[in-house]
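Just the one chain here, the form predicted alone, laid out as structure tokens.
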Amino acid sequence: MTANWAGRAATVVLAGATSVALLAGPALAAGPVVGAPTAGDPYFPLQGNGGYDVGHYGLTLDYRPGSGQLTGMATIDATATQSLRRFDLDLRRTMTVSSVTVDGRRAAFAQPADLRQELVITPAAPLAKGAGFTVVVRYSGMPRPVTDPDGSIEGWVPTEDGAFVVNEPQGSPSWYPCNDTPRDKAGFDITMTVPDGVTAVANGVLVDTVTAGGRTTYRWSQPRPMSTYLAFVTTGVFRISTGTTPAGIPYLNAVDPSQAAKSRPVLAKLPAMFDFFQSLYGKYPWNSGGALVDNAPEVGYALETVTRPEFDRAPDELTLAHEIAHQWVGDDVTLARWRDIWINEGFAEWSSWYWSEHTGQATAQQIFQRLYATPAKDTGFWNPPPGNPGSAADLFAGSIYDRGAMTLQALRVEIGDDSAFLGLLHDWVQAHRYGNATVDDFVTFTEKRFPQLDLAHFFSVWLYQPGKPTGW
């Protein structure tokens, strides 16, 4: 994500109620349990659930921009990681559920008012640990934007001609039921029906379109595992262009006509950016690339939605580079907890600096030196430390981006060998492909690679000490 245009693995937490009968004689096996209604992230306590792992989402949606009405059917394929008699999905109460089935049988369900985003499901029969199962949820309503702790909006944001859909960090349940934790990655097929003249753009490859009765259905597919906050389906009037990068990455751009002229020279650099970051981080992880540029200035930021980053207005060059780099650092290798945001944003921001250097503009070190000249008394620039934002309200603070990128550039200088540093970044991405990681994981990965350096002190200063880093 690029916040306010200034710089804004892989296992579900298995928690839940269990009971063990302590009786004379052999211990009795525990029966089916209630899956946890949270994945345990302290920044967003209601986010995510326990007891199962999702493999695929099939979303069939119908949106009527004039009324704001969204009708949906979500088909969710999952595997039980506990023996379950009940489990939750995340879905905000602006969406009203009409029916739920589990493996084709009607299931009891509830949307408790006090839990805000929990869809509580009781299957007709308990689910055995290790069993695959399919949940089908039918629902409808008028999705509304979600206001985050930092005051920004996300989720389903209506526009004059459709809706701009961005989900980081908690917007996904505003429009589809899911296990909304970054750690539960899944493939997506998204089908959206809209009025003729409106285009629906989502993750992945456009499989087909069908027009009938004054409405058009768009079917998109992205089968590789990604986090729920990176799914999207944005609707509006767009000019579509397609192509293939010199290295063979197919791409599709969708641009609001009001942003076309300003976007054109920047998007002309998009193919080269995809190929450059592939040479840096390794094979492109998704089935398509591109960008979506809408006219939604009230949003105030861009987001690295998988395959096709979204921009609420025409982006500048470094913002485009930042979001494309995220396809590897953030989307492929994704934070495990929200406090680990540095491994998404610090890496993408440094990547945009390296693009600048690669294209003969300011080098990453020149950008570092300019920013490091910021006085220590400017605590708003230096804090919070990027290794631990401290709260959800500071998740997208400028220091996570600027000081976060400076940390990597300082590490580059500390290592003193560009090929070794770039090899570290490449191998980090490859080692965590389609997975999740923490700040500590990167620290450990780097310390093992360079045992001759005092990196424990370096990372302590740059990632965790408040104020301007000195003496590293």
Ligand code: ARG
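Values in this document were obtained by computation on a predicted structure and should not be read as measured data. When you see a residue number, it is the position in the sequence shown, counting from 1.
One more form of this protein, predicted together with the named molecule, exists but is not displayed; see below.
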Would D77, L119 and D184 all count as contacting the named molecule in the predicted bound form, using a 4.5 Å heavy atom cut-off? no
Just one of 276-284, 360-368, 298-306, 252-260 has residues with a heavy atom within 4.5 Å of the named molecule in the predicted bound form, so point it out. 298-306
May I ask you to state whether S83 is within 4.5 Å of the named molecule in the predicted bound form, using heavy atom distances? no
Could you confirm whether D90 comes within 4.5 Å of the named molecule in the predicted bound form, counting heavy atoms only? no
With the cut-off set at 4.5 Å between non-hydrogen atoms, does S152 touch the named molecule in the predicted bound form? yes
4.5 Å heavy atom contact, F238 and the named molecule in the predicted bound form: no
Within 4.5 Å of the named molecule in the predicted bound form, heavy atoms considered, which of W220, Y401, W328, Y354? Y401
In the predicted bound form, the residue from F188, F396, W350, F164 that sits within 4.5 Å of the named molecule by heavy atoms: F396
Contacts from 164-181 to the named molecule in the predicted bound form (any heavy atom within 4.5 Å), listed N to C, are E168, P169
